[in-house]
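One chain is shown next in structure tokens, namely the form predicted on its own.
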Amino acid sequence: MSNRLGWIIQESPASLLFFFYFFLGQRQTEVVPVLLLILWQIHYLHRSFIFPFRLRGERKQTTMLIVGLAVVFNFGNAYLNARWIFGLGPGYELSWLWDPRFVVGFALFLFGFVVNKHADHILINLRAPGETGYKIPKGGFYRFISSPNYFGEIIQWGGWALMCWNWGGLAFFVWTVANLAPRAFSIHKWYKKTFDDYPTQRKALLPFIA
């Protein structure tokens, strides 16, 4: 199937199921669960229904196996996080909003979201319409690392794990690192192999570190 259609199919369950479990639960009027819902949807509504229409190269294809595996993950991940927040967990008092774990997690989530989206914007606009070939991305956190989109997403879901402070959030963060870190190092290796003038000071995933 087309890459765009596959992307919508595989990512949309994360957004739609979160809404479903929110309305299924009993915490629609509680401030913290509603705020967590908004933050989750800020990411996944964009990821599911806006980002795929910004992609260029309509002829690119994806396989149904990749789409199917992503659907399974997003079903499970949305269930673990949403069911705990909106029903199975003990709930969040209003005072959780100024707990250091929530404050730091909220800041990390927003920071990671901005880094991720800015990096995606740079990649999407790397080539002019009709232009082909590969280029070295520049600007933003690309000054420091080869995959700031992955770096931002890891930071974002690390912040989510802190805000939620439950096993579902932690599992999502661990999965994100396990999934994106190897890809970041592989991309860094490819850049260095492909471009002789690739910036030598640029790291793979962690600025100034690795």
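Here the structure is a predicted model, which means the values were calculated and not measured. Residues carry their position along the shown sequence, with the first being 1. Whichever C-alpha set is largest while still superposing within 1.5 Å between the two forms counts as the rigid core.
There is also a form predicted together with a small molecule; it is not shown, and the following applies to it.
- In the model of the complex, the small molecule sits beyond 4.5 Å of every heavy atom of residue 160.
- Interface residue remark: residue 67 is not counted as part of the site for the small molecule in the model of the complex, having no heavy atom within 4.5 Å.
- Proximity of residue 101 to the small molecule in the model of the complex: non-hydrogen atoms within 4.5 Å are absent; the residue sits far from the partner.
- With a 4.5 Å cutoff on heavy atoms, residue 176 counts as touching the small molecule in the model of the complex.
- Every residue of the trio 55, 133 and 150 has some heavy atom no more than 4.5 Å from the small molecule in the model of the complex.
- For residue 93, a C-alpha deviation below 2 angstroms is recorded between the shown form and the other one after rigid-core alignment.
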